[in-house]
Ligand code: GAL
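Only one chain is given next, in structure tokens, and it is the form predicted alone.
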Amino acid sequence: MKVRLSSLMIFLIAVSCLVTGCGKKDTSSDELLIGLSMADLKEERWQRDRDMFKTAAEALGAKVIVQDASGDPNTQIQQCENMLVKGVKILVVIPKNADAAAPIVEKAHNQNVKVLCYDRVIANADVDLYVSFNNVRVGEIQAEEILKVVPKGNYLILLGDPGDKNAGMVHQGHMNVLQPAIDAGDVKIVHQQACDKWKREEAKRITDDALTKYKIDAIVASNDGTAAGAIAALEAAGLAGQIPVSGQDADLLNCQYIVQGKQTVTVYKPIRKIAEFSAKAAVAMIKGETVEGINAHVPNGKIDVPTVFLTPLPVTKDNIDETVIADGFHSRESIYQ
């Protein structure tokens, strides 16, 4: 009887292995579980990233858990810890604060979970991959387009959030372009100031104050939120459309400002490209596959992070139809109203 029971058990185990695939790596959606940690979903741009990333990841057979830190670095750490408890196989993080987010990487690596930084790099941590647009080039485009319109004059520079490493890269791009004009005496930066959390209210307050103290000929704003704040101040002063303003992200309001002549340029970062690339890279990293396309290494204070830089595009009144509208990012009707 004992022999028969043992034989039956062996048979059942063998059948079980055939059904479940013993010894084979499970790449079901449960195994392809991605944690997407968003710094703040208030801005229109990040809502688009979330939706496009989820769609791309799910098309690859993955599941995505999304958490919104609502601008709080401590909340972001706690949410990432919770996602690790839920069994995510990779964390895709848009850090609210580059320095404060370092513990996320350590906690993930303690559980053999890799971290992909999406559009913003985490500082002082062993980040596995960084996918972004060339943010130095973003700043160069902003300054180039404004310099075309105002080759000589007084400049106000509205920097981004001081806790976002991208803000520093963007400003590096500004200075790459503006420094020769400054050295020649053609351009004078009469004021520059960071806008906490990229808030348009901060940008408006800074611009209001600058307009009372200086003659401003051009405003280099680091994103569309800060550009909108600057334009609100210009509207209040009766100067909208008279002083060139830059931005980035191609937000709908700012695209409307461009066709109205109130904003000179926004920098369009084709979000579908970064979302789809990052989703594909995340799935590959879970499977232990090589991520193709690494074209840079960005120092984050601890390591040179393997990086994939995508190419941003300037959007002006002359090419808005061929860029954001042609890509379906915004409809022509919504921009031109």
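Start at 1 and count along the sequence shown; that's the residue number. None of the values given here were measured: they were computed from a predicted structure.
Separately, the form predicted in complex with ligand GAL exists; it is not shown, and the next lines address it.
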Margin query: Does any part of Asn166 reach within 4.5 Å of ligand GAL in the predicted bound form? Heavy atoms only, please.
Written below: yes
Item checked: 4.5 angstroms heavy atom contact with ligand GAL in the predicted bound form for Glu31 -> no
Checklist line | Proximity of Glu140 to ligand GAL in the predicted bound form, heavy atoms at 4.5 Å | finding: no
Item checked: 4.5 Å heavy atom contact, Arg120 and ligand GAL in the predicted bound form -> yes
Next item on the list: Tell me, please, which stretch of 58 to 66, 38 to 46, 300 to 308, 286 to 294 lies within 4.5 angstroms of ligand GAL in the predicted bound form when heavy atoms are compared?
Entry: 38 to 46
Check: ligand GAL isn't shown here, but in the predicted bound form which of Gln76, Asn254, Thr207, Asn135 has a heavy atom within 4.5 Å of it?
Finding: Asn135
Item checked: Residues from 286 to 311 in contact with ligand GAL (non-hydrogen atom within 4.5 Å) in the predicted bound form -> none
